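Let's start with one chain on its own, the form predicted on its own, as structure tokens.
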């Protein structure tokens, strides 16, 4: 079995993978809902971080607790918890992100049976000295509380091993993203997204062990890598993403980069191994690519989007917007304005877990790519 097929199997049923991992290893599994969850601390505590990216399709249970204008990520995740679909979890960590996730934390604590519950309230503003001091204090407290909840100490040596693992994953994924920029035909968009999703589910050491030889083999390929097609950059906050990559490629596009919640955004930034481990983790969370729920300047998100799209040689940007996601909605007008000013055409696609038909999506993508 090749590595990509292994990743496909994991992503096809991540819950089954998590259950098998728990049965095999006996280790705890901690659910997360955002890339700001401190995964280095989770790994240092001997646990597996499991990214919850939505639900199994139903929302009737969660609809009894949530307003209809909550996004499908929040409603789907809660529905799975209430239906015992996440019964393999030993705990859940809720970072401070959008209003819906914060309120979900309260509802989850009172109604879901998924082990312990830990709120990690990170700062929203990331541009001041006091914010960094506060970030460091929150992560230090999270380390202490997590060690207590897992009933095992988290030492500096544990943190250093976790940092090494995550640094290696982010470095290797950066190589893979570079290969896609250089020659989009080397790997399909669907396979690229599968690999990213697997990185949020699999045992991180196991994932790295499978990832490295795959990237090595792709770097060694000398065949034609530049298939015809317009170069497309993806941005947005969609988590439980349908196979839009296949739709875009069928419409004549090639995805050459992304700034997605379940994409490159959480894979940016190395951790300095020469510093105190917790200090280094804090620094990385302060300077990594931000999401709309954080503030690091009036135009920081737009500047990064334009820079990344141009660095990838993108000819157009498709913005994937999860319906009712307020933080991304607030960003949309000025992001489009900055893309227009940079000469980058853009297309907005609004999605939910139960999204519009593939044919409609492909028609819209074909029209956009033809315009390019």
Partner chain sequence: MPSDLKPVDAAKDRRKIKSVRRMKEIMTAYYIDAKTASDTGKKVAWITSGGPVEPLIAMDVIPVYPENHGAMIGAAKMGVDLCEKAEAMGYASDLCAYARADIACATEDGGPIGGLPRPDMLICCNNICGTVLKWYEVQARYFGVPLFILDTPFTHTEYSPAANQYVRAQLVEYLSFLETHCGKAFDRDRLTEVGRLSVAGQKLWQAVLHTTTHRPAPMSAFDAFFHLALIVTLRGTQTVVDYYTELLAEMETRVAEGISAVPEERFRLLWDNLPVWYRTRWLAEKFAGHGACLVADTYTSSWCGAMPYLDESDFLGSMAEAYSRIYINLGTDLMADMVVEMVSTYRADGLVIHSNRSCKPYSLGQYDIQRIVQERCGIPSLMIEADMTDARNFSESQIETRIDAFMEMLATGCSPRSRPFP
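It should be emphasised that the depicted structure is a prediction, and the values quoted were computed from it without experimental measurement. Positions refer to the first chain, counted from 1.
Although it is not shown, the form predicted together with its partner chain is what the next lines describe.
Colleague: Scan 262, 105, 188, 167 and let me know which has any heavy atom within 4.5 Å of its partner chain in the predicted complex.
Modeller: So the residue touching its partner chain in the predicted complex, by this definition, is 105.
Colleague: Considering its partner chain in the predicted complex, which of 288, 181, 230, 145 comes within 4.5 Å of it through any heavy atom?
Modeller: By the 4.5 Å criterion, the partner-contacting residue is 145.
Colleague: Mind telling me which stretch in 251 to 259, 91 to 99, 267 to 275, 152 to 160 gets its heavy atoms within 4.5 Å of its partner chain in the predicted complex?
Modeller: One stretch meets the cut-off, namely 91 to 99.
Colleague: Assess the spot marked by 293, 299 and 326: is its partner chain within 4.5 Å of a heavy atom from every one of these residues in the predicted complex?
Modeller: The answer is yes; 293, 299 and 326 each reach its partner chain.
Colleague: Going by a heavy atom distance of 4.5 Å, is residue 304 a contact of its partner chain in the predicted complex?
Modeller: Close contact is absent here: in the predicted complex, residue 304 is far from its partner chain, nothing within 4.5 Å, heavy atoms only.
Colleague: I'd like to know whether residue 121 contacts its partner chain in the predicted complex, with contact meaning heavy atoms within 4.5 angstroms.
Modeller: Yes, residue 121 sits close enough to its partner chain in the predicted complex that at least one of its heavy atoms falls within 4.5 Å.
Colleague: Does the 4.5 Å heavy atom contact test between residue 70 and its partner chain in the predicted complex come out positive?
Modeller: Because a heavy atom of residue 70 falls inside 4.5 Å of its partner chain in the predicted complex, the answer is yes.
Colleague: Do residue 64 and its partner chain share at least one heavy atom pair within 4.5 Å in the predicted complex?
Modeller: Within the cut-off, so yes.
Colleague: Pick out the residues of 122 to 145 whose heavy atoms come within 4.5 Å of its partner chain in the predicted complex.
Modeller: Read in sequence order, the residues that approach its partner chain (within 4.5 Å, in the predicted complex) are 123, 124, 125, 128, 130, 131, 134, 137, 145.
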